[in-house]
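What follows is one chain in structure tokens, specifically the form predicted alone.
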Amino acid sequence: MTSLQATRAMPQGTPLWLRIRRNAWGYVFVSPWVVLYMIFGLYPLILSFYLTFFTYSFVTPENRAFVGVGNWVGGATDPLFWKALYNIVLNQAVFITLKNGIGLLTAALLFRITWGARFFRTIYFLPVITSTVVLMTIGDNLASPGGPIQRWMINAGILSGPSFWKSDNTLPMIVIALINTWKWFGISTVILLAGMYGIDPRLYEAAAVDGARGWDMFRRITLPLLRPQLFFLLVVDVINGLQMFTEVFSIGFNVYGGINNQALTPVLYLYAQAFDRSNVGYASTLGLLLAFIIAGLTAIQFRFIRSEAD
């Protein structure tokens, strides 16, 4: 009798210690993951929450002082923290629209072609497996005032002169969103393409018999049945967007996102508080506030998709 069968055979009133003894090897095999999680996951989380009630510095840990909920109040009313969130909203509005829109269009095209589909899927997915730092550096050079993109726009009459977009108040997050779209649209393409292959072809055949055209089939069959994949991409994009750090830091912005904080992100700001100002207690508070925001947005998205399904 296997351990699973033995567990099922035990009556409901079996003592806990006997259940543990019967499944001892299972606990042994799972214990390395549990130990690692407690050391590198649970302990830092508890310590971070503890430090939110103190002013604490790596440099002078002996000067720790209890401030109660002062860090929480300061974080919730910090204009730079909300500025960082605004920057992310602007960035993700452009990024999510373009990434998933281009990914959906590319997936629809790949779904219809039969020759060279594997080659094109590989080409479109290459930026995904390329280093973020490398692609951001290339994108920065392409979009720089002396880069080929701006030269072409000047020659075409779109721009009257070079644009120093890094010093603008809104362009940095938009340009970063464009570069990120180039890197990540392959993920949307692959996931949406897999969803299209999972749609029953008989639905299209029945629609064609009823006189439906390509656009009608796409709008009334493909898009509704791709809702789970689109929802998954939306949730992942929102979470990753709120955690943005490498993209901004790798193209030359300081930890405050520039002189006017035009490229500041929440993670960049809490990094600045922790390692530039050595204000670990406040940085921990910002990190937990960001975690609550991510959890809240994710819960809202799940609630919305559940209400749509009902």
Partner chain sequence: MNQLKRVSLSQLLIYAVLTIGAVVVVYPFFFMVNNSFKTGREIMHSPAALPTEITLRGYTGVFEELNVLLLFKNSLILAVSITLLNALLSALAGYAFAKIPFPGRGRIFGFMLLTMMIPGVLFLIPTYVFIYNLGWVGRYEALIVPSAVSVFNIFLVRQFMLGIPDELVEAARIDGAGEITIFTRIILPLARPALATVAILTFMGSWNDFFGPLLYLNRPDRWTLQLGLLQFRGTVPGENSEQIWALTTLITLPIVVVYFFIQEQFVKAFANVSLSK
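What you are looking at is a predicted structure, and each value in this text was computed from that prediction instead of being measured. Residue numbers count along the first chain shown, from 1. C-alpha atoms forming the largest set that superposes within 1.5 Å between two forms make up the rigid core.
A second form of this protein, the form predicted in complex with the partner chain, is not displayed here; the remarks below concern that form.
Undergrad: Given that the partner chain is left out here, which of R202, R112, R213, R219 has a heavy atom within 4.5 Å of it in the model of the complex?
TA: Checked against the cut-off, the match is R112.
Undergrad: Identify which of L226, I88, L135, A177 has a heavy atom within 4.5 Å of the partner chain in the model of the complex; exactly one of them does.
TA: Exactly one residue meets the criterion: L135.
Undergrad: Looking at the partner chain in the model of the complex, is some heavy atom of each of Q150, A156 and F304 within 4.5 Å of it?
TA: No, because Q150, A156 and F304 lack any heavy atom that approaches the partner chain to within 4.5 Å in the model of the complex.
Undergrad: Do F66 and the partner chain come within 4.5 Å of each other in the model of the complex, heavy atoms counted?
TA: No, F66 is distant from the partner.
Undergrad: Is it the case that L297, even though its partner is missing from this view, gets within 4.5 Å of the partner chain in the model of the complex, heavy atoms only?
TA: L297: no, not in contact with the partner chain in the model of the complex.
Undergrad: Does the 4.5 Å heavy atom contact test between G146 and the partner chain in the model of the complex come out positive?
TA: Output for G146 is yes: heavy atoms within 4.5 Å of the partner chain.
Undergrad: According to a 4.5 angstroms non-hydrogen atom cut-off, is G258 in contact with the partner chain in the model of the complex?
TA: No, G258 is distant from the partner.
Undergrad: Would you mind picking out the stretch of 91 to 99, 104 to 112, 203 to 211, 167 to 175 that comes within 4.5 angstroms of the partner chain in the model of the complex, counting non-hydrogen atoms?
TA: Heavy-atom contact with the partner occurs in 104 to 112.
Undergrad: Between 107 to 137 and the partner chain in the model of the complex, list the residues on our side with a heavy atom within 4.5 Å.
TA: Residues within 4.5 Å: L109, L110, R112, I113, T114, W115, R118, F120, R121, T122, I123, Y124, F125, L126, P127, V128, I129, T130, S131, V133, V134, L135, T137.
Undergrad: If I superpose the two forms on their rigid core, does the C-alpha of N23 end up displaced by 2 Å or more between the shown form and the other one?
TA: True for N23: a C-alpha shift of 2 Å or more.
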